[in-house]
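Okay, here we've got a single chain as structure tokens, the form predicted alone, with questions on binding and movement later.
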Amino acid sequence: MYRYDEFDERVVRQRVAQFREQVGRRIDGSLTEEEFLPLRLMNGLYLQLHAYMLRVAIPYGTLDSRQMRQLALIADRYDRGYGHFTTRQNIQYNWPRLRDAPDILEMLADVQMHCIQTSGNCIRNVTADHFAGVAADEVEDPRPTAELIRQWSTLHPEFSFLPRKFKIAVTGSAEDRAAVAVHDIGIRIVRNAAGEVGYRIIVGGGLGRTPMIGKTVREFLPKDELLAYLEAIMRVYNLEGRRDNKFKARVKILVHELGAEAFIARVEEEYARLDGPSLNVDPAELARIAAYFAPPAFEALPEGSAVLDQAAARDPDLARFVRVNLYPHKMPGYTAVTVSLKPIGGPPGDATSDQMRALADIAERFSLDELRVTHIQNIVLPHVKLDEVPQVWAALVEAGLASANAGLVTDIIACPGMDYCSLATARSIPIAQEIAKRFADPDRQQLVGPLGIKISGCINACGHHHVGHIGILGLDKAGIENYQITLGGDPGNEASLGERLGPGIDAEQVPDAIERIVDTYLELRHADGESFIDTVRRVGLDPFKPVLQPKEPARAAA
């Protein structure tokens, strides 16, 4: 895990001091809200529907127990005893007071954390596969690359005021778990025919008002050319991206309007003009960064675990958790444990301060002091011995964190919606809660199998509804919350955008509609347990459309 050097420490402390002075001037009236707006956004502070919201960066989702405990302490001292983990692998506090924001930043700096570039028209928090360093199909751990990009992009003088916000994701595995195709820049670590490791560069993906799947602009980029090539992409976008209309200001619009070939030509022309050696990082610096992500000191263990097998045989609840929430580790005798933040009826992605402390304790004792935040709004304990899974599970049960639903129908992604967000046009959290209650039976969840439901409370798509197997978008229709349903979205290797199923429906109709969609799937799927997304791709939307049609009123008996 990366540790700040002197430069990192100095930058973060200076930012805290600057913002403390700026907040003071806002409170005493020296700064108007209009003048203060860009200053607070540079420090991750939003003014939401009911209060300020502070977004904390968790680069590529990785943190340790000390940092998690500090997040819990901040939740207790300056919020309402909880935090919300987001689809950008960050955490948000929904109720901080303006005067407390500098003190929160100071506490974050004490554990090498900050809120820099979690908002504003800049390069945002770089995300990565939450199973980085764990997955057997990994060409290379993506976190050193993500850290290199973080260092390059932080306070970059040329890219601090882009046409719009800019998001980058990195994956190093054959299976894309970082949704790289729907990012402004997606980076896949690959091998070429000669066996050399490099990057496939994808540009122009994104969700929101105009969802698009990114285009590959370089099939193979040598590793040592990454920063110069990113610089070329960013320069083309910064110069040619729309600034007259924020709804058309993302790089995906530029790629679309120019056409992929013309955009690639501009990038390559800019790249040829750049002095690559002066922009790319010295190999010694790359090695220094990579050393922070060297594999931890794993023990030599047997492949399986009789201890876990026997415990699971005695306890069906543990057995279910093992089937659903464990991910194979490349090291024998280890596993990665997904901790679901989606209890039935709970707000997706929320964790109380007590739960954060419990996660810190479990990570310190059982996961080599490491945790990961996923873009699916869960937490991963990446390095757990199979023998110790029963103890981890017992601790999770005690903390209320043992939901065995990772990747299942109740593992729902949801934005804060109109409960918190000033941009939202409809609620997300109550809809997610009601849907989860419909599928509360764990046996029914197992029967349905992998199914990703994603909910957004407005067209900004913070809930990633466009790439949900079932996507739900909440809108305002003449003062009434109205929900559009899409099917067939997927953020993975075969990235696709969902197609609208039919006309929007009222909030109270959504749980019934989702239940009927799932029932229709169970009737249509092949007997071999065909997944929901594969069934939709095979049969199309037509068999599902009747679920949105109003039922005929019952006729009175003659």
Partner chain sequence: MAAGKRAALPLVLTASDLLDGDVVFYAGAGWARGLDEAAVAADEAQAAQFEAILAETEAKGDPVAPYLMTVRIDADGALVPGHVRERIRSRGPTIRTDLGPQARQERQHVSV
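Take the two forms, find the largest set of C-alpha atoms that superpose within 1.5 Å, and that set is the rigid core. Positions refer to the first chain, counted from 1. No experiment lies behind these values; they were computed from the predicted model shown.
Here the subject shifts to the form predicted in complex with the partner chain, a form of this protein not shown in this document.
Annotated contact segment (heavy atom within 4.5 Å of the partner chain in the predicted complex): 473-481, selected among 368-376, 473-481, 130-138, 168-176. In the predicted complex, the partner chain lies within 4.5 Å of some heavy atom of residue 96.
For the chain shown alone, residue 391 is not a contact residue for the partner chain in the predicted complex, no non-hydrogen atom being within 4.5 angstroms. In the predicted complex, at least one heavy atom of residue 419 sits within 4.5 Å of a heavy atom of the partner chain. The shortest heavy atom separation between residue 80 and the partner chain in the predicted complex is within 4.5 Å.
Between the partner chain and the residues 320, 438, 427, 223, the one pair within 4.5 Å by heavy atoms in the predicted complex involves 427. Screening 505, 51, 57, 497 for any heavy atom within 4.5 Å of the partner chain in the predicted complex leaves a single hit, 51. Contact annotation for 15-51: residues with any non-hydrogen atom within 4.5 angstroms of the partner chain in the predicted complex are 26, 27, 33, 47, 49, 50, 51, listed in sequence order. Once both forms are overlaid on the rigid core, the distance between the two CA positions of residue 536 between this form and the one not shown is under 2 angstroms.
For residue 26, a C-alpha deviation of 2 angstroms or more is recorded between this form and the one not shown after rigid-core alignment.
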